[in-house]
Each structure stands twice: as C-alpha cells, then as structure tokens.
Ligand SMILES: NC(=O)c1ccc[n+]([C@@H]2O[C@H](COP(=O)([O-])OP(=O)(O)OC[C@H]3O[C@@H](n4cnc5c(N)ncnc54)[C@H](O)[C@@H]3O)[C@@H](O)[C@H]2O)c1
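Take a look at this single chain, the form predicted on its own, given in structure tokens.
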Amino acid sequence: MNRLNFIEAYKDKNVYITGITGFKGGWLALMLHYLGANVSGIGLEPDQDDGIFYHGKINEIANVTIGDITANANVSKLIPSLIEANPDYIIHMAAQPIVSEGYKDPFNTFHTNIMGTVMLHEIIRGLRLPASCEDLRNGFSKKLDEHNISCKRVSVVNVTTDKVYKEIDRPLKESDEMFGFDPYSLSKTCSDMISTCYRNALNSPHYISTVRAGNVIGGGDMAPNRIIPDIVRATEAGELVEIRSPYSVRPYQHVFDALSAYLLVGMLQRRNPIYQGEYNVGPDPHQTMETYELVEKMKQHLNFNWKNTGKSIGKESNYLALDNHKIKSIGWRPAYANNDEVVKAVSEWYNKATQGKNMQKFTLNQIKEAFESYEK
C-alpha cells in the first residue's frame, strides 16, 4: 500500500458513494477529497446532527444528493445524480446497517439492502455512461464500440459484512458457506450474492467486487445500538453504558482501515479485471477483541462505567473473526498496528468534538497521518 498509488488512481477521478450521509460514507468522502477525487453521492437525510456528516462538513467537499436509492424510476434521484456524476468508481454502502433494527423492521431492511443493490446494478447496466479518452485508450469500451456506443466501465465495490457467513468457531474465509439467520445478515448475504450474479451470470460490463468488513469503529459514528456511540452518549449524559454481550468476540477495526481496502480493490480491479472477486477485511485473528476488552480500553480515554445487561435483541454470533489473507495478498495492510492505536484514535476524535474543535480539519489530519503511515 502506498499513498502515492492511491493518489494516482483517484486524483481527478469521479467517485460516487451510495450512503454518503452515513458514518462510513462521510469518512470515505473525506478520504477521497484528501486524494483529490471529485466526490458525489446519495444518502438519506442524516438522523443525527452530531455525526461525521455534519461535523465533517461533507456538503462542502462533495456533491451530496438527499434521496432513497430504492425510489421508483419516475421519482428517482439516484438516476440523475449518477448521470451528473459520470462516475469512474462507485462504492455502494447505502444500507440499513443495524442488526437490531433488522429485527424491528425486516421489510425495510430487506427492501433497502436487497433491492437497493439490484436497482444500482440495473441502473448502471443500462445508463451507458460516456467514456473518457483514457477509458477508450485502454480499451474499456471495446465490446460496446462494436455497436457504436462509447461507454465507460465503472469500478464498483459493494460493501457487505462479516455476517454473510454461516457461523463457525474459526476465522472465516471467502470460500466458506454463506448464510443469514436474521434479517440484516440475510439481506446483506443476498446483496453480496446479487453483485456476484451481475458480474458472472449477467455479464455486467462493469468491474464488480464485494468487500466483507468486520466491525468498523471510528470518530463520528452516532448510530443507535452500536457500542462506541452508546459509550459516547452515556459518557455525555453521565449514565452507565449498557453492554448486552460483553464476552462476544468481534473483529473491531478502525474505519480508515476498512475504507482503504475498498479503495484498494476498486483501484486494482479497474487496472486489471483479475482482481474482481470477494474479499474479507478485518484485523488479524489474534487482534479480535471481546466487547468488554474494547470497552475497558475506551475507559482509558473517556470517563464512564458500564454494566452487563444480558439483554437479547435476537440470536447473535458469540464469535466472529475473519481470515484476511486474500486482501493482504493484494497489498492491503492496516494503518493502525494494534488495538490500542485504534481505540486511541477513536477516543481522541470524540474528545476533540466535545471540545468544539474543527472536526473536518481534525479528521482530514487523521486521514493524512494514516496514509503517511504506509511509508514508514
């Protein structure tokens, strides 16, 4: 991994993010802005005014469309915004991302996560986005040129989850059986397989990969029923943090490290289709943590106490870890070397936000330092 390689791949390129108003979407927009890309995207109106979208002033550095990716074609904001963006890359992250919300609202979870993916692939399959001179020189549009149509091939990365696998008490490999028990897991499993279907069975003209990420944490996440936002809210309110499964093992990783994998796959498959496929991204298995370990590390930086509630939101895996050999084999490595570095960076973000600092500037500086770490 090399910062200059990322800049070369993304500088002045058009990158479209579905889910740009979300936690990972905001971070990705700032990372791409740092790399010099032209950033556009679509997302729902943010529910929280204290998350990364507002703190990071994403509207200042990206062309943001507020809209629902599953809207019918006659009222769709996705179609015109994609045409205007004319993307070279699409990172698909728009989703209902909360396990507990899937139990409460299975219809919306299935509709967003499954049909949102179908609609994106259908739209870009038929849009015939105009190809750039670079695309034409590299022969990306050769097949379509036979019909006198110039169309670029877009590099598409569908972001799914580590929960697409059947539960096994060992680090999960990309070749392991896929399975979804609860609405969220099943919907993301379907989304993952849909992208593979468009690439292989439907012969999409675009480059398509899926990346299955472990538990992503970082500054600016304020979504409900997630461990870090729950800690931050309880700290601000002077309340106990309620932990429902303190001994569950999860592949916690910093948001930068997950997003860098998405960008790496997008970059490589655009250069050579051989890199298309499915990838896990997460920490090495020995760096997975029980949830209480993460909480105790956070206590070193934030003032709070916690209790084990034992409450259940439905069946959840006790052990999740990912085999990351494949993503490492194409050059990925984390910018944060260990769990203490991850927790320190996350905690520092929230502390600075509480102090009223310029969080766009602070986040961009964290991004700069993370990219520069590849050169050490």
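Each residue number is its position in the shown sequence, starting from 1. If you're wondering where the values come from, they're calculated on a predicted model, not measured in any experiment.
Quick note: we don't show the form predicted together with the named molecule, though the next part is all about it.
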Tell me whether 23, 112 and 226, taken together, all sit within 4.5 Å of the named molecule in the model of the complex, counting heavy atoms only. yes
Please identify, from 346 to 354, 329 to 337, 36 to 44, 54 to 62, the stretch that has a heavy atom within 4.5 Å of the named molecule in the model of the complex. 36 to 44
Looking at the partner-bound form in the model of the complex, is residue 171 within 4.5 Å of the named molecule by any heavy atom? no
Is there a heavy atom of residue 69 no more than 4.5 Å from a heavy atom of the named molecule in the model of the complex? yes
If you check in the model of the complex, is residue 93 within 4.5 Å of the named molecule, heavy atoms only? yes
Residue contact check: residue 280 to the named molecule in the model of the complex, 4.5 Å heavy atom: no
Contact assignment for the named molecule in the model of the complex, among 250, 153, 254, 188, heavy atom within 4.5 Å: 188
Ok, 216, 232, 265, 164: which has a heavy atom sitting within 4.5 Å of the named molecule in the model of the complex? 216
